[in-house]
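In the form predicted alone, a lone chain appears below as structure tokens.
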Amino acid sequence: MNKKEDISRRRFVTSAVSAGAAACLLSTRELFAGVAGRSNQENGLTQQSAPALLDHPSWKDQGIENLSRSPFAKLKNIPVHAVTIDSGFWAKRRVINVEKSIPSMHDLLEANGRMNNFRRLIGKSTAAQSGPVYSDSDIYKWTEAVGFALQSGPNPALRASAEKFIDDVVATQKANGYLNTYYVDDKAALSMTVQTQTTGHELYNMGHYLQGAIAFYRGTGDPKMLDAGIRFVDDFLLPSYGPPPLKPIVSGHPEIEMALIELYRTTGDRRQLELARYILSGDDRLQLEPRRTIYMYSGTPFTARTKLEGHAVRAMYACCGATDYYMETGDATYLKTLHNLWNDMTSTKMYVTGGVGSRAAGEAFGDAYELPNARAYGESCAAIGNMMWNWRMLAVTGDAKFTDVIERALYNGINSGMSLDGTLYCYRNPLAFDPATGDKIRNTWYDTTCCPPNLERTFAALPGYFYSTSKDGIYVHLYDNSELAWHLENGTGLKITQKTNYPWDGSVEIGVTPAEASEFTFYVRIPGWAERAQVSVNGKPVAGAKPGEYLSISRKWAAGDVVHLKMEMTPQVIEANPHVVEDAGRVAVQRGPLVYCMEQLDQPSGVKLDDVALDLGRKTTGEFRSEFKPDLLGGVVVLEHPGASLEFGNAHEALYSTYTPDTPKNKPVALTFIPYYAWANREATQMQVWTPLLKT
């Protein structure tokens, strides 16, 4: 641990919290000395009534995050129900998610004993505990997916299934508020020990519980699950864990931090925010080994972090919690750290698909530019965490560079995680694959089944990512056939409709209809990939469109106004930084927001994917032919480009041979590319994203 990291918690608190943040917070002593909940003899705490849930905005009008009262959030979320995604790219995915993915995952959770872990504790099952220590979270993430699905509209069957789960889950809660199915009976003595906090996922489970409970509450108005979560925090956690004289606490697997802050946004109970701050600050009484705090991405002050390392999902979730904390307090040290970490990720550690986490060992970030392809881990949960973090950074700044990462991860590294039929899932998402290794990349079930319900909750929540409001107007982030029915922050009703064939086509027609003629700013996102984009309002060109920025259009808007956005969808050839050794001499292909790959089965007969090269000649964009094929992979634009099949000869059959400068013989072939998200949806076959360039 270096000197910057080796600082005490007290020194960190006094030096790191800005004056603005300090003004927003009660002191640690005031907050924890007055803990509401049940009496605690050791700390002299008295019983108080639980805080009421905030009713403004109402439960059904709170977004993915309830940022309505967050003083340092520039952009505010729009509720999921306010956006209806019509027929188009994402509509198919979302219908399959609700009709097949979420219901089939329910059945798999039952078949694999996840609910019996709860039922055995209330006399409804005699089955033994099954699954890893974090198995409870599978139920909670699934419930969150249902909660978000219900925010888009009623679904009695899904709701009934979730309510049956919730009834049995809540029934297992102990009188002191504790709720966990693993650390009970003969394992009860291990509960919340330092070792269990670092490896046992107790707080991780409860973090997902709280997020699932909040999503279900916002989808139904039913607080039953949420009330039990509040009891866990108020009656079990707050009276016993925190700064001295309370017991030490560490998240182990970050998740509880952002969940506590979202709970605070739901209840208004500032003690929940302060506990999140304490966890983010690190408890110096624990004296954890540096290798442990690196892997966990917790246990030391978050603001002492200088790079992304360790377990990729934990790092992403920690960054989410830290960004949430900044939005509530304005602590500038957090924002500086977050920007530094974001730059580290996007400049040295993120895949072209938006995936993160290059190492299978520890499911971890690698060193700078360590981005292997076939060995890439790219866990689906990590790509989702990347999207979640950038969503929060976007709320803080309004900067389109964060939306670019959201879109890159969503369309590629996340979308690849679920099969097109919604029943198979990728835990990892490599950028090259050979089934001859014996690996089966898509499966119905994993004993560590974090990714499937995580994907399901992401697709269910998707409408909430399309727009944000600001004090001066509204931002449009994502494009698809859709309708927004909401209002500006000043209360003016607003309807926005999108008509487009995005991402296959770059033309978007946006109808803007305020309830009454109003002056406000409409922020149109110009994606970073859109090198040539044109914007017009009612047929009149609007100057200033720049890739990777929001174009602000300030005017008096009235019913019938139409914004046209036209982006050129020319396929682009992408090269990696020279320090990415595996991609030297190779290129990737992108069209619009979609990264493309090649699968062996699409190439000419007798042509091996290992031996092909892309023939660009002296052009930087190549000569691609684009064709929409409605009957292939659910309907995709396929790209074809001239290439070559290399013939290396017998000399290259040896492991090592004398170097010769001669270019291998080759024969011309037409290479076919499909969107990366659609790979591994047919027969098992080789795949690669990065293709060698033909030497000339």
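From 1 onward, residues are counted along the sequence shown. What you see is a predicted model; the values in this text were computed from it and never measured.
Here the subject shifts to the form predicted in complex with another copy of the chain, a form of this protein not shown in this document.
For a residue to qualify, one of its non-hydrogen atoms must sit within 4.5 Å of another copy of the chain in the predicted bound form; none of Ser87, Lys100 and Ala515 qualifies. The closest heavy atom approach of Thr126 to another copy of the chain in the predicted bound form falls outside 4.5 Å. In the predicted bound form, at least one heavy atom of Lys619 sits within 4.5 Å of another copy of the chain. With a 4.5 Å cutoff on heavy atoms, Lys471 does not count as touching another copy of the chain in the predicted bound form; it lies far away.
Residue contact with another copy of the chain in the predicted bound form: Thr333 places no heavy atom within 4.5 Å of it. Note that among 500-508, 344-352, 132-140, 164-172, the stretch whose heavy atoms approach another copy of the chain to within 4.5 Å in the predicted bound form is 344-352.
The partner is absent here; in the predicted bound form, the one residue of Lys307, Lys92, Lys495, Lys74 having a heavy atom within 4.5 Å of another copy of the chain is Lys307. Of the candidates Gln287, Thr437, Gln195, Asn490, Thr437 is the one whose heavy atoms come within 4.5 Å of another copy of the chain in the predicted bound form; the others do not. Applying a 4.5 Å heavy atom cutoff to another copy of the chain in the predicted bound form picks out Arg359, Ala360, Ala361, Asp367, Tyr369, Glu370, Leu371, Arg375 from 358-377, in order along the sequence.
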